[in-house]
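In the form predicted alone, a lone chain appears below as structure tokens.
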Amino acid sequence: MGAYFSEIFSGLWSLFIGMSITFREFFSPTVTVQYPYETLTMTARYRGHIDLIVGEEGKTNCVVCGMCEKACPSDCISLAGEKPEGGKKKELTKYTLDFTKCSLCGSCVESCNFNAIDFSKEYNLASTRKEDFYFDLLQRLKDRNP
């Protein structure tokens, strides 16, 4: 009979402790962000997918050396370029990123000696289609800077 009352007292005591924690947290300030209406600001060290950087002339800094493509362990970068007639260096014609394979390791950004790519601050990438994660970075750059 003593064990019966001991179990009741133990249960009531744990209920009291749980309710006291709930009551204390009820009056603490909220930390929830109302997502579609409010967004979080990303920190300076946030790593999103890579983006091309625009140079002073309005073109990309990329010289199509292929170091980012070689440094990528996931093999998610492909680029192509051609040398125009009378030009001194190659111009970028295609730069694609398969974000489904990207591990966000940063090897491509570190290996780029020409400051042509950097991490974007875009974080709200959600889709049910795989095709939405194949980025044509050159086209995205043209759409951003008409």
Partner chain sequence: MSLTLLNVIVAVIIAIAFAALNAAYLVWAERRGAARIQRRPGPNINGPFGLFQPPLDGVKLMAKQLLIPGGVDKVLFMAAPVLAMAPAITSFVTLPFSDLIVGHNMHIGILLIFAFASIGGMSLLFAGWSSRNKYSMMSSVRAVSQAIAYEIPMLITVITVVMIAGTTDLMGIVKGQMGGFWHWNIFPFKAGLFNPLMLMSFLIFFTCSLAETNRAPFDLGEAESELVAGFHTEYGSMGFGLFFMAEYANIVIGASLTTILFLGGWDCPFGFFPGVWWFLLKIYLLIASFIWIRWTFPRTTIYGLLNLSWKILIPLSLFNLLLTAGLLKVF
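Numbering follows the first chain given and starts at 1. All values derive from a computational prediction rather than experimental measurement.
Keep in mind the form predicted together with its partner chain is missing from the figure; the text below concerns it.
- Proximity to its partner chain in the model of the complex holds for none of Ala80, Pro84 and Tyr134, with the criterion being a heavy atom within 4.5 Å.
- Put simply, Asn115 is far from its partner chain in the model of the complex: not one heavy atom of it is within 4.5 Å.
- The closest heavy atom approach of Ala3 to its partner chain in the model of the complex falls outside 4.5 Å.
- In the model of the complex, at least one heavy atom of Thr22 sits within 4.5 Å of a heavy atom of its partner chain.
- Contact check for Gln34: a non-hydrogen atom falls within 4.5 Å of its partner chain in the model of the complex.
- Using a 4.5 Å cut-off on any heavy atom, the residues of 26-44 that reach its partner chain in the model of the complex are, in sequence order, Phe26, Phe27, Ser28, Pro29, Thr30, Val31, Thr32, Gln34, Tyr37.
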